[in-house]
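Presented as C-alpha cells, the chain that follows is alone, the form predicted on its own.
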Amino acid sequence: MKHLIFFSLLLSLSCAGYAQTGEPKNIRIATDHTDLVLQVPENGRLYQVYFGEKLRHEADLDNLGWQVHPASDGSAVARGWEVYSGSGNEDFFEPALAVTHTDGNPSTYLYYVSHRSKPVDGGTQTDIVLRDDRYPLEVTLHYVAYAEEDVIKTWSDISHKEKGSVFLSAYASTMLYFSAGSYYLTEFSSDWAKEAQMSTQPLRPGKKVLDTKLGSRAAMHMHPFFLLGIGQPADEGQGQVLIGTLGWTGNFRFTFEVDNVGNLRVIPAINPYASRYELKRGETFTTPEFIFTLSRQGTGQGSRNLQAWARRYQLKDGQEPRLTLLNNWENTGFNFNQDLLAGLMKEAKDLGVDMFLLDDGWFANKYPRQNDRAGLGDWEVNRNKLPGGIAALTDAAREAGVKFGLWIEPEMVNPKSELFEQHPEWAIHYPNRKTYYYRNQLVLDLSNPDVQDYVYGAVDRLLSENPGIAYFKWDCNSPITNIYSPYLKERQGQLYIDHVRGIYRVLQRLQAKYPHLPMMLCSGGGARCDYEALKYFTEFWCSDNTDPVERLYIQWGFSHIFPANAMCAHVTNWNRTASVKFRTDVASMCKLGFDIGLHELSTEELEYCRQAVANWKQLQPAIMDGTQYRLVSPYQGNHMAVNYVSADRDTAVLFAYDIHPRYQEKLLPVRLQGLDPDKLYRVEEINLMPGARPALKAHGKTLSGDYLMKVGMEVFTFGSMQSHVVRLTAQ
C-alpha cells in the first residue's frame, strides 16, 4: 500500500490534469461493435481494462478495473496492462517506449494528464496526454475509431523539453493486451515472386517477432500485417480474430509476447534496429499508424471491415474508378522505339482497355537505359528511342484513343549515370568499404532535403512538361545496402527512419500539386504494401509472378488486408500451359491489366479478351467497390472461389477456379454470401471463349438469394486450370 500512496502523492504534484478524487477515470474508444476501454486508477497511470465486443450499458464500464499484482516480498506493486509502458519501470516485459534522458537515466514512468475527443471524417478521434513525473517528456496517444467499419487506428507523438537531446531506442505505435487460453498467429511471408504466403502457428510463452531490416523495398521478406486468432486459429467464417497492419513503408517490427500467466501483449512499431533516434528539445517523434479490427465472425468479416474503411478513408481515390491497361514490358522489354509504341497504343484501344503503360527503358542518354545496369537517376527521354520525347507518345496515345502512363523509379540510382557522377554523396553507401550493389543500383539518400528536392523536381518536370501523362508506375527495386548516409554523418541512427519520412515528403508535395494522379506502388513486386504509402497511391503491384495458379494464392493472401481496387493483376505469358481464359479470369478478380503481345493471341483468344475487358468494366462497381466474400480457400483444397456483391445487392460476381483437382474427388456446390435472400437473381456464366457453350448448370436460371446462399451452385469441375465467372443480376 505504501507504493500506491507514494505514486498518488507524486501524481498530485506533477500531473495537475488528473482528477484529484482518486476515482478511476474511464476512456472509451468505441466502434459500433467493439470497445477498447482504458482506465486511469488511483496511481495515475493509464491501463487497458477491456478490449472486446461492445458493452451495451455505459454503467458497466465502472465495473471494469485494473489489477495490482503482489511482489515477491508481499508488497503491492503497481503492475497492470499499461497502455504505453516505458522501459525501466516495474513491468518485466517488452515496453512500448525506451528513452535515455539527457542525464543518462534510462527509465520512464508516464502519468495521465488529460484527454479529449473530437469528430473526424467517419469516426471519433481521442487524444490522451501522458507525462513523465521526473522529466519534461510527454507522449500523446491518438486513437481514431471508425464506428461503421469497426476499425481503429492509433499512433503516438513523443516530445520533450529537456535541456539537450534524448535518445529513443523503442517507440511503439501502441500496445494491445489479450487474456485467452491460446493464441494463433498467421503471418504473411514473402520473397520475389512468392508474396503473401500464409502460415499459422501457436504462440507460446516468450516472444515471437515479425520484422524487416531492409529499409527500402522493406516488405520483401515479411509483410507488415498479421492475423491473430484468439482461442483458436483464425478462421474465415467464425471465431474471434484481430487483423492488424502498420502504415509504414520502412522497417517494422511486430512483437507478440506471452507472459508468465498466459496473457499476450501485441506491440506494433517501427523496427528500432540500428535506429537509436536522437530527439532534440522541442521536436516531436510521430510513430506510424497501427490499423486494426477485432472481428467475432472470423477473418472474412475482419477483411470486409478493413476493405470498406480503406476505400472510404485511406486509399487514394478509393471510391473512384480504376483504369484498365496494356503494359509493354513482357512484350518488348527494353527494346522498343517510338513507332513500335504507337502501334501498341492502337492495340490497347483495340483490346478495349483505358490506358497504355510504358515501362522501364525510356530514359537516359549519356548512359542509355538498355538494361538494368545504367541510367537510373537520369530522368530525361532517350533521344535515340524516342526522338519526339514524351510529348510524341502522349500525342500518339490521344490519337489512338487511350490514356498514357509511365514507369519511373525515382528513389534509385545506377552508379553508371550522370546523376551519380555529379552527386555520389546523394547515394547511400559506405565511404571506406567496397560497395555492394543489389540489382546494379543504389538507394538515393532521401533523408537529405537536396535529394528530396531532386526527386520531386524530376517527377514534377515530367508532369508539368507533359500534361498528357495520366498515370505513374512508381517502382523501388532495391533494399538499402551499404547502410551509411553521407548527409547524416554521425547521426546514422536516423537513417532508416528519416529516409522513409523523406519519401513521404516527396509524395506529399506531389499529391498537393497533382491530387488526382493515379499511381501504382511497385517494389520488385509486392514489397511495398502498406496503408501509409497507399494514401498517395491508388493501387499496388502484388507480384512480378503472374502465373495464374500462383496468383490465386498471392491474391487470396493480400485480400485479407486490401480491397480489390488496391490490387493490380495482369494477364501475361507466365505459365503458358494455362489458357488465356484462365489467366484473364484470375486477373479479373482484382484491378485488371494486360502485359502481353496481342499478336501472340489467336483470333478467338483476342476476341475473348475484348469481351472479358468489356465485362469487367461493366461489373467494376461490384468488383472494385462491392463487398468481397472469400468462399473456398486454395490453401484447403484444389479449388478457389470468391464472390463480390454490389452495395445495393442487385449485382454479384462469382469467380470459381479449378486448380489441380484430384482424380474423381468429391465436388461440392459453392454457396454464395452477401446476397439479399429475398431477391431473385438471374444467373449467367460470362467470359466464355467464342463459340463455347456455358458449362454452368444454373446458367439462365433465376434463383433466390436465399437458395444461392444455402444450397449454392455447382461450379467446380475435374479440369486442371479451369475457371468460371458468373454474373448474378437481381430481377
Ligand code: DGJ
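So that there is no doubt, residue numbering starts at 1 and follows the sequence shown. Here the structure is a predicted model, which means the values were calculated and not measured.
We do not show the form predicted together with the ligand, though everything after this point is about it.
Contact check for residue 541: a non-hydrogen atom falls within 4.5 Å of the ligand in the predicted bound form. The ligand is not shown here, but in the predicted bound form it comes within 4.5 Å of a heavy atom of residue 360.
With a 4.5 Å cutoff on heavy atoms, residue 588 does not count as touching the ligand in the predicted bound form; it lies far away. Contact annotation: residue 473 falls within 4.5 Å of the ligand in the predicted bound form, judged by heavy atom distances.
Distance criterion of 4.5 Å from any heavy atom to the ligand in the predicted bound form singles out 477 from the list 275, 477, 331, 293. Of the residues given (352, 524, 486, 597), 524 alone sits with a heavy atom within 4.5 Å of the ligand in the predicted bound form.
For the ligand in the predicted bound form, the listed stretch (541-549, 629-637, 603-611, 179-187) containing residues with heavy atoms inside 4.5 Å is 541-549. Counting a residue when any of its non-hydrogen atoms is within 4.5 Å of the ligand in the predicted bound form, the one hit in 407-432 is 407.
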